[in-house]
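This document opens with one chain alone, in structure tokens, the form predicted alone.
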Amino acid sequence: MKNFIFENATKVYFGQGCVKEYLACLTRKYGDTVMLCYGGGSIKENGIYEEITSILIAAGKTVVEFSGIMSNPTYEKVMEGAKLARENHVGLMLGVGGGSVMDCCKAISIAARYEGDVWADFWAAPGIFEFEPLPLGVIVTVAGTGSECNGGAVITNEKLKVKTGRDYPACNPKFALLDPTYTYSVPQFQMVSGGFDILSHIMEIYFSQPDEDNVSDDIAEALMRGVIRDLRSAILDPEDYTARSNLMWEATMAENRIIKLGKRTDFECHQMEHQLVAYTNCNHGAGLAVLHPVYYRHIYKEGLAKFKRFAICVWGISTDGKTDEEIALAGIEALEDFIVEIGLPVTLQDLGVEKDIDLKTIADSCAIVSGSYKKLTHEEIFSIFQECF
């Protein structure tokens, strides 16, 4: 394993009823004004909004609302939130939702306390903190990104057509409240796409060096088997508490940095999907489902030992009478079959991408990462997009 330093500053409160039990005391030291941040308003339909605002008001807080945070949050939305936070002298942001809400809030936490060009200084290139970001707490309602336990945020600059992610430990939420029952009302497609995003995060870490036995890969295999099992159970029964609580914690474990320790990590597939989103605004988890099997068929030979291990340890592929290459390909096929089973798209056309889309321009805009088993070229990324169509 590579050398590492590990720290995670976010304190997690997990389980049914945790919001009612802990929210009031957690907000106590952050002043009188809380900016409540959320998305399209589903929390007003399922009772979560009323529960949270009642707790805040009973605690004597002034609540400033910032709603309408979209999937794939934009830089423009970030700056809108930063302006509102400054104008109202907000002491704490409270993000309620899934990854998009949490990512947007982290970016706002920087922009609300920074006078310079936030995009140029923190997104176009890694930034340096000489200030304290605006404190953030999160309440998770969608299991997927694992954004609750890291400083990572992915923001889309619509003018530049660039979707960029950065992970700043200074932006880790101060606390995260994870009540699995808050995920019950999430529509099935959103639940499934979020679940595949969990699996994608784990695979992006797993399919990278080192290849010798290591703790991070051992944990990753257990997590992947769990996500597959729990997604199947949650599809059968959306209110299966065991499955929903497992998915929620699997999402956190995938991105709280633990399984990244000692690993190079890949995330080329995420880079490709980010640029698809920048040009098409497609669903993130669904886009990853389309790309992963095709991408893996392009790189498996360079990481053959790991792909063979994936097939055996995650999918239970029999080795009888098969070459290593045949075993590895069977594992990729099992992944593709699972994507079909859970109802996610398998082509860009299924994803709603128009025939006249300029895939070459999108491919040329993709970042090339160093952690992949095979360093792609923009031409090969273009080929992958064409194969996915």
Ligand code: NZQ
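Quick caveat, the model's predicted, so the values are computed rather than measured. Residue indices: 1-based, along the sequence shown.
There is also a form predicted in complex with the ligand; it is not shown, and the following applies to it.
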Legend entry - 4.5 Å heavy atom contact, K163 and the ligand in the model of the complex: yes
Legend entry - D103, heavy atom within 4.5 angstroms of the ligand in the model of the complex: yes
Legend entry - the ligand contact in the model of the complex: P187, any heavy atom under 4.5 Å: yes
Inset, instruction - May I ask you to state whether G60 is within 4.5 Å of the ligand in the model of the complex, using heavy atom distances? - result: no
Inset, instruction - Using heavy atoms only and a 4.5 Å cut-off, determine which of Y295, F196, F310, Y182 is in contact with the ligand in the model of the complex. - result: Y182
Legend entry - Listed residue that, although the ligand is not shown, lies within 4.5 Å of it in the model of the complex (heavy atoms), from T265, N214, N157, N72: N72
Legend entry - Check all three, Q271, Q275 and G287, heavy atom within 4.5 Å of the ligand in the model of the complex: no
Inset, instruction - Select, from the options 215 to 223, 142 to 150, 228 to 236, 81 to 89, the stretch whose residues sit within 4.5 angstroms of the ligand in the model of the complex by heavy atom distance. - result: 142 to 150
Inset, instruction - Using the arrangement in the model of the complex, list in sequence order the residues of 9 to 42 with any heavy atom within 4.5 angstroms of the ligand. - result: G39, G40, G41, S42
